[in-house]
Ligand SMILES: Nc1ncnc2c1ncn2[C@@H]1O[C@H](COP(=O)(O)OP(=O)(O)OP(=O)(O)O)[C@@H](O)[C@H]1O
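Have a look below at one chain only, the form predicted alone, in structure tokens format.
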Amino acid sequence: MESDKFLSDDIVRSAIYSTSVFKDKRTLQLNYIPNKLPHREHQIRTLAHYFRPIFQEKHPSTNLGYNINIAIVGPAGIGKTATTRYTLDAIQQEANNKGINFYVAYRNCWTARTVSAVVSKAISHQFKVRTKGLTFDELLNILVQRLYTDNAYMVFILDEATALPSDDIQTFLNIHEELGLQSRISIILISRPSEWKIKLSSAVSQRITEVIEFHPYNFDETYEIIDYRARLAFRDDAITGEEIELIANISYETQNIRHAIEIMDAAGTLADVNQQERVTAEHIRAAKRNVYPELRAEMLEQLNDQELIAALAIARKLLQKNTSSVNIRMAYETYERICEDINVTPRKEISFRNYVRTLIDLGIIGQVTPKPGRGRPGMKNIGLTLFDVPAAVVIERVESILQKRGYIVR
């Protein structure tokens, strides 16, 4: 028995101390911003251009303000967020060098779904001020006064901007009209093209100074980017050009660099677990089978508990029925049972429909419109489905998150 323990200890030590294919695994984290962003020079230059006036003013005691509203629009996984944060980080560093107070507040709007939550978090982080229970007007007053006192500028980067209610976005963009020349608050909205056209463009276009568009990379650009990221993450002898080319082909097919980064992370982990000294094509193919760019881990983590339970209900019903789609009523009945099982009070069906709408907007759940003659189009008649991700994968990942949050999921 004691020898078995020694054997287990050896396995643990081997897993901890064995040689890794990774040089710096952290560079494959989705929030990592590399030191260079190939083939985004135009977008970087355009975005930076709009902040030139801050560096050209002499910052008189009259505290004259400056503000700009910019939209960053492009498909998922092609560098919108990384480019924006990279550029604003560089501007902030240059401002620090020049003695200019320049603050940046990045928020993914799926984690802060109201304008009050966005501003509250920014004030708490930047000024260490307690903001609990304050109204938006009170929060805005605090922010304006602090920026005036510090002779400072604040830029809000609103990622996944369409997660905010339309009225909230309008409120944010209208700040400049209320404050006039004294406004020191700039807004950058990040959105996908379809969401921009459907939800934002017509409503906010008059308040937007510039729309900076991002287009997918061609194959040569894709290869160059993936090669660069692979050299950051892996030891020189751990991955060859052939494996990088395979990943590049996969990524080019999906038009999603994030997909490639997740595959590299998963493939390298497989090599390490199997105690192999290099990443092979088999590792990459195995990783591809388990990585779905449409089901981003950080997206699921940002859902609230009720939205996760709704996603779990739809996926379970699809798997149970072995069908292409289920309706709202069927999914809601499963939702109620899951809530009962994990000791959560189920919300009414109208709230459940709102959760489903959020899941559809995020692309986690797909919708199938009924054929003519099978009911009028509308939320209660649409079919709920999964287009690109197996139901079993959604179930596994959602259950894992719920368990981390303390629920006993059966």
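Residue numbers run from 1 along the displayed sequence. Model, not experiment: these values are computed from the prediction.
Beyond what is shown, the protein has a form predicted in complex with the named molecule; the following relates to that form.
Among the residues A286, I142, L319, A76, the one placing a heavy atom within 4.5 Å of the named molecule in the predicted bound form is A76. The partner is absent here, but in the predicted bound form a heavy atom of R192, alone among R337, R278, K121, R192, sits within 4.5 Å of the named molecule. Across the options 355 to 363, 48 to 56, 337 to 345, 29 to 37, residues that bring heavy atoms within 4.5 Å of the named molecule in the predicted bound form belong to 29 to 37.
Put simply, R258 is close to the named molecule in the predicted bound form: some heavy atom of it is within 4.5 Å.
Among residues of the shown chain, T81 is one whose heavy atoms approach the named molecule to within 4.5 Å in the predicted bound form.
With a 4.5 Å cutoff on heavy atoms, I225 counts as touching the named molecule in the predicted bound form. Contact check for R229: a non-hydrogen atom falls within 4.5 Å of the named molecule in the predicted bound form.
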